[in-house]
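Take a look at this single chain, the form predicted on its own, given in structure tokens.
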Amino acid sequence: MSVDSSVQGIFAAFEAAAENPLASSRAWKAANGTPVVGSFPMHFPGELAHAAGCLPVILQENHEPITVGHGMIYPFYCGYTRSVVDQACKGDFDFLDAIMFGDHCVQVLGAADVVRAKLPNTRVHFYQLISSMSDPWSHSRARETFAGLKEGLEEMIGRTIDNDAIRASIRLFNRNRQLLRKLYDMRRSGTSPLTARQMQLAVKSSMVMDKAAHSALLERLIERLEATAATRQRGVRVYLSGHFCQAPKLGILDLIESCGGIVVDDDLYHGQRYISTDVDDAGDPLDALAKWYLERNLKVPCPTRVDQNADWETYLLGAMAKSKADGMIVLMAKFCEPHMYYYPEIKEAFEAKDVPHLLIETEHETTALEGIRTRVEAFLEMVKRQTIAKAAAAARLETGVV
């Protein structure tokens, strides 16, 4: 089998799980008899569910039009929450043994209430995580929440979850994150021409697949990529930012690159935000998870959290410099209140530093890609011209020519 066909086969496996997560989870449950625990994105530590002998699955926005759920939730809620409610109303989640909710925005609270009402035979647990990340009591409050989560899982499975089992799950999850970060390093450095579509499929599939099986695929993929000479890519280096809960539509990612952009890095949830931080596998595992929860906000700040030691716009400017990106494209999910409230600070900081960026609002319903194409083409052309002008000015300064 050639290297190209091997890589293609691995990404086909990623795509099968990423684009049909519920079908993939149902098949795993049928084959292994494993309870499946669904969770909302952002802050749920899947390690605890895995240590309980369950398959943790992060619930995804699907591609279906919202129909039954229309009457159950406000139309001005984001596409992710409306899609999850719609799936619950249609019975798509009936096979789940439990669903775990966090509290990162008010729309999630509304969605949790509807899901609980529509799934009376499913354990639907809500866990309040402290949103103030730098107070003296933040760690203890986070640990308290995760202890409650552990107790809820123990009640479901009817036995105690051993600390050694949690540590083993932590090591397994850490390995998976490290392999995904390796892919990011390869793309950022140009040693492997992975597309934005491929990177999203790799990360999104890790959210719904068994971690050991997913890591085995990642190891094979990295081995094959390292054995292949990379072709230098040409284009405008782009950093993607935004989308805290749902994955950006693949069509938008393809469009950016078809217009001449090269996506070299991101802070998307289906990207660096999800894999940025490992958990300490020594000592008390609940303490380690609480530390992970607080530290990941320093690695990739989240506008739903309050932290005196981190701010998102400063992080983004630094991340762009590190990845040598020429410009940033912000993908904002329509009606995402945390992002809408914070974006003016990003805009002000980027304009003050003369760093080009483009805001694109996305939604669950059909997005007019041709309209986006025109804006992206114009943005990339502007960035290209600005990059050339800056390089010329730097050259003149170096040679002393005014």
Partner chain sequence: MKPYVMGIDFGSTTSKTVILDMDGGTVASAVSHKGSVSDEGAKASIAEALAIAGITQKQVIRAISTGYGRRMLEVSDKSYTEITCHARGAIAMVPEARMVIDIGGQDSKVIAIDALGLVSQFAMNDRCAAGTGKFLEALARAVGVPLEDMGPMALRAVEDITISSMCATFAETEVVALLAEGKSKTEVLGAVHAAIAARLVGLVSRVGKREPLVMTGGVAQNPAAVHHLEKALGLKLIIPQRPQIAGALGAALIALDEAREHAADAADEDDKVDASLDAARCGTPTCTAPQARVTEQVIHGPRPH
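Positions refer to the first chain, counted from 1. All values derive from a computational prediction rather than experimental measurement.
Below, we turn to the form predicted together with the partner chain, even though it does not appear here.
Residue contact check for Leu358: one or more of its heavy atoms lie within 4.5 Å of the partner chain in the predicted complex. The partner chain is not shown here, and in the predicted complex it never comes within 4.5 Å of any heavy atom of His63. Proximity of Glu337 to the partner chain in the predicted complex: non-hydrogen atoms within 4.5 Å are absent; the residue sits far from the partner. Among residues of the shown chain, Arg237 is not one whose heavy atoms approach the partner chain to within 4.5 Å in the predicted complex. Segments offered: 303-311, 122-130, 317-325, 250-258. Contacting the partner chain in the predicted complex at heavy atom distances within 4.5 Å is 250-258.
The listed set Ser189, Thr160, Gln233, Ser140 contains one residue whose heavy atoms approach the partner chain in the predicted complex to within 4.5 Å, identified as Gln233. Checking Arg116, Arg197, Lys211, Arg167 against the partner chain in the predicted complex, a heavy atom within 4.5 Å turns up for just one residue: Arg197. Applying a 4.5 Å heavy atom cutoff to the partner chain in the predicted complex picks out Glu370, Arg373, Thr374, Arg375, Glu377, Ala378, Phe379, Glu381, Met382, Lys384, Arg385, Gln386, Ala389 from 368-392, in order along the sequence.
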